[in-house]
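Given next, in structure tokens, is a single chain: the form predicted alone.
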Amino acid sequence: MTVAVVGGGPAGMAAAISAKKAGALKVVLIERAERLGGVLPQCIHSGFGLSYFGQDLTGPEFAELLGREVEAIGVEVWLQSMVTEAYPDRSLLISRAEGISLLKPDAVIFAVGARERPRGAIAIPGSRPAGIYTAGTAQYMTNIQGYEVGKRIFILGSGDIGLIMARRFTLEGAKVEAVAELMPFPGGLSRNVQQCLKDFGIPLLLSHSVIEVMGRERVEAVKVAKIENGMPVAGTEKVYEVDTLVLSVGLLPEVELLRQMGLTILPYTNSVTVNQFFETEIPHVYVVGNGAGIWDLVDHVVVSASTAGAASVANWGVERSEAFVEPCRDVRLVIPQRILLGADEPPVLWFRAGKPLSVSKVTLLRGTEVLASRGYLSLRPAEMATFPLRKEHYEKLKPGDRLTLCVSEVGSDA
């Protein structure tokens, strides 16, 4: 059989390797850039690979190890090739240097990743001067192109890329005035808050946002205020004289090709529904990595992709009866949203809490019936947590079951 993997980042490479190891005769890895790796080559900081490779690696090192395995195992790589159309029968229209071609594999794995929210998505008032960048663009310009994006920088949003770039800008000699976060808690991992902000004396302004950008040709200043109930609090405004505004305000899964195939986009993940093997509503079409929902660690991304790669071969012709899972009560997202019944192993549910929680209880419900529960010492929105089902719980599920995954702090009335 032939498996096509769309996207050559860490998820795509891991899926291709796994599919080949599972016995696919031909695996085609399609990447629109001139190299594999996705954004990893621009992520020159360490912290990658701790669980997947058992090593503390930089992004380029992580990509290099995966790339070597892709080559060694015999995956066919198409670089500078772009899927322009995707059809419900799994056919892919691909633009390559050699021309336009049509590929119809037995299984398709979409590992197309996510894009950053731009300024237009958050509607900051003010002028439109030069000097406003998304964090990923600033990272690429700094680490790959060697440009200085600014000398006095303000960062809006405390996502992990923004936190890491606060440290990077400082090491490059720029002055990071502060990081503002709309929510009352950080958006990035605790270790990045400590290592990238606190260790460098960079202020983190929680429940704050930029309410105006000032400057004509270039950013000259930003006005920042405390936010309550979605509105600036009068008297809390402060102007920071900066020449650069960097936005780290979240990621959105790339779903255009998935829409073309007729898949439904969920509002709370901005992506499609998948089962525990990351298979969509269309049989033998899979979505992995940040295309399925935003993950916290690349190591988790490659685990999801490896699961899909193996399943794209092993699950061919499997009968499909399913239960369905939705988040509720302080659970922001859950993956998978569908549970394929009758698999050899019970599934693991990945979820994010909607707010920081201390000692908590997570419960899987069927209506009001408690199917399974599990305690957690703490939960943070920035970190994916797992809820593994035991075999006895998995075997209780019936086709068509509508399940909810809920969390509440121990001792709370919620």
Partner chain sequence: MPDCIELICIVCPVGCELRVTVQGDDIVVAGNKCPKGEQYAVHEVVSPVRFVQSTVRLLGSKTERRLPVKTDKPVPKDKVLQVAAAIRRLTCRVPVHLGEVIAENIEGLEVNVVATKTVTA
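These numbers were taken from a predicted model, which means no experiment stands behind them. Numbering follows the first chain given and starts at 1.
If you look for the form predicted in complex with the partner chain, you will not find it shown, but the lines that follow are about it.
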**OP:** Consider the chain as shown here, without its partner, and state which of Arg380, Arg32, Arg374, Arg366 has a heavy atom within 4.5 Å of the partner chain in the predicted bound form.
**Re:** Arg380
Original post:
Which one, Ser321, Ser91, Ser190, Gln260, lies within 4.5 Å of the partner chain in the predicted bound form by heavy atoms?
Top reply: Ser190
Original post:
in the predicted bound form, which of 366 to 374, 36 to 44, 346 to 354, 22 to 30 comes within 4.5 Å of the partner chain (heavy atoms)?
Top reply: 36 to 44
Original post:
Would Arg216 sit within 4.5 Å of the partner chain in the predicted bound form, counting heavy atoms only?
Top reply: no
Subject >> Contact test in the predicted bound form: Gly67 vs the partner chain, heavy atoms, 4.5 Å >> reply: no
Original post:
Does the 4.5 Å heavy atom contact test between Ser360 and the partner chain in the predicted bound form come out positive?
Top reply: no
Original post:
Looking at the partner-bound form in the predicted bound form, is Lys198 within 4.5 Å of the partner chain by any heavy atom?
Top reply: yes
Original post:
Within 152 to 173, which residues have a heavy atom closer than or equal to 4.5 Å from the partner chain in the predicted bound form?
Top reply: Arg167, Arg168, Thr170, Leu171, Glu172, Gly173
